[in-house]
Every structure is written in structure tokens, then in C-alpha cells.
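Given next, in C-alpha cells, is a single chain: the form predicted alone.
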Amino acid sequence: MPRRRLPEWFLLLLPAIIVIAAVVLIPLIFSLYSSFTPYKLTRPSTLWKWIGTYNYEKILTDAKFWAAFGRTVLFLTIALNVEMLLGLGIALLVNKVTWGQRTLRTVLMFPMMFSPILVGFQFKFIFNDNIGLVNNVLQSMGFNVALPWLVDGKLAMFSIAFAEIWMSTSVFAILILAGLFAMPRDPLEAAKVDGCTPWQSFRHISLPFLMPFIYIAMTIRSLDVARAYDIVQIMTGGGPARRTELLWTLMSRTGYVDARMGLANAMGYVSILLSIFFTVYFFRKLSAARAEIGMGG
């Protein structure tokens, strides 16, 4: 009886399947399992003690977790809306440029090419209390008080949001600019002939066409902001007094400082719900926007 050979397509995909299993699937299963244990890095034997949903029940009554959750949602909401408005404005301005537009499009991509860690160090220096660029500029304008940008809770959150917005507004600008390039000119010309003002043409023709591109950018950015860590950790470390602590900095502190890895993994799986919620929300908005302009649901 001849031996049954494995399909060629499976043999070709086998190396990729092994790598994905080793890098993604196995750690994912391990982290999910450990979230049901009291696993502590300093006590490896705790990995084999099953405690069921205790970690998840603890999270639901943990004020620090919900405070970080609320800050993450607030941070995400502010960052996405400001980036969208700035990106829309930049895209509209660049679209009007007739000379040097390719250069401007290239320049637009520079901020998103920087590592978040590098951006964090850059803005940590810019907002430094004593030698920071912002306080030096303010003092040269006559303000004699050095503002504690990274020490005061509200100012620290503003500083982090400013750094995040500076780095990622270009995502919105580039995608919206692509939408402007793809937009048909006939409806705009017809609206102009009918006597519509520039605002009316933008509000009722250009903006509905651009909304799918905006929702694509929001979907991408919501996943990034929901797991924001690098910039926050570099600039404030979650301080002062945890007033800039977001979900992923809290998980890092719980898992690697407090060594409570089981609880940290449980926090991670709860926070995934935030990412899934925003992804589904923006995907539905994207489908509705595509259907509105006749591109299909």
C-alpha cells in the first residue's frame, strides 16, 4: 500500500506554521493559561496552581485598573479626534499645493518613521522643567514661571498626548490625502455650477467621500493608542502618582515590577476587549460610510 504524501501546499506552508506557532500561538496559550493562576515571577511553582477566574474578579474591583482604563479611553478619544482634525486640515492644504507637493508628502511621513521610544526621549527633553525647549521659549516671552510639564498630573497627560499626536497625525493626513486624490471631480464641478459654496461642497460631497479613509485611519490608530506604552513609559513612567498610568504601563508595572504575571496577563485579556470594541465600532462606521457613497457595505 503506497504511503500517503502530505499535500505540497502544506509542506510549503509548514515552516511558516511552525514559526507562527512558536512565536505567537504558544505564548498566547501560555499567557491565557497563566491568567487563571497566581503566577509570580519570583515563585515559579505558582504557575501550576489553578485559581479559576480569581484574577478577573480581582480586576473588576480594582480601582487602579479602572482608573487606568478610564485614562486610556480618554487618551484614545482625545488623540484620535485631534489627529483626525489636524490630518484633515493638513491633507486639504497639501492638496491645494501645486508646486513641491511630492516633497511635502515625503515630509509628512517623517514623524511616523521615528521610533516611539525616540519620540518619548525627544519630548521628555522638550518638556523638561529646567532645560526644556518649551519653558525656555515661554521664559523668553516674559513668563518667569517654569511650568512642571512632566510633574503636574494634568500637564503631564497633555505632554504625552502632544507627543502622540505629533508622531501620528501623519497617518490621518496621508490616508485622507489618498482619498482626495481618488475623489472624482465631476460632482465638485457640478456643485460649483449649481452655486454651492466651498463649505457646502466640502460638507456634502468631499467629506462623505473621505469618511471611509478617515475610519480606516481611526481603526489603525485606535489599536495603536489602546496599547500605548513606549512614549508614556519614557516620558513619565506612569507618574506622577500614577496620574498618567495607562493600561499597558499598569500591566508592565504589575507583571515586571510587582512580579504578578498572572494578574498582569488577566489585565491584558481584559484590555483586549477595549481594542476589539473600537475596531468593531470603526469597522461598522467604515461599512456605513462606504454604503453611503455607493461603494458597498
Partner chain sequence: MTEVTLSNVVKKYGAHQAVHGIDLDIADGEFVVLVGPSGCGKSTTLRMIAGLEDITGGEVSIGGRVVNDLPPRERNISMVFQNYALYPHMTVRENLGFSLHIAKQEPAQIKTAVDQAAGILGLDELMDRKPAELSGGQRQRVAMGRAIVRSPDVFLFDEPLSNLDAKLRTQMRAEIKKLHQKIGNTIIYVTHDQVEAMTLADRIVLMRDGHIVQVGTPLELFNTPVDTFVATFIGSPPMNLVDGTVRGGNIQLTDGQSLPVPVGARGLVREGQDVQFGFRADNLMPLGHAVDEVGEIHQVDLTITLTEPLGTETILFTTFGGIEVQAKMFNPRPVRPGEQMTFRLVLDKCHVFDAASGTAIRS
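Quick caveat, the model's predicted, so the values are computed rather than measured. Numbering follows the first chain given and starts at 1.
The following text describes the form predicted in complex with its partner chain, which does not appear among the structures shown.
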**Message:** in the predicted bound form, is there a heavy atom of its partner chain that lies within 4.5 Å of any heavy atom of Ala190, even though the partner is absent here?
**Reply:** yes
**Message:** Considering non-hydrogen atoms and a 4.5 Å limit, does its partner chain approach His204 in the predicted bound form?
**Reply:** yes
**Asked** Is Gly195 close enough to touch its partner chain in the predicted bound form, meaning at least one heavy atom pair within 4.5 Å?
**Response** yes
**Asked** Taking heavy atoms only, is Gln101 within 4.5 angstroms of its partner chain in the predicted bound form?
**Response** no
**Prompt:** Among Gln139, Thr106, Ser115, Gln200, which has any heavy atom within 4.5 Å of its partner chain in the predicted bound form?
**Reply:** Gln200
**Asked** Candidate spot Asp186, Pro208 and Ala291, all three in 4.5 Å heavy atom range of its partner chain in the predicted bound form?
**Response** yes
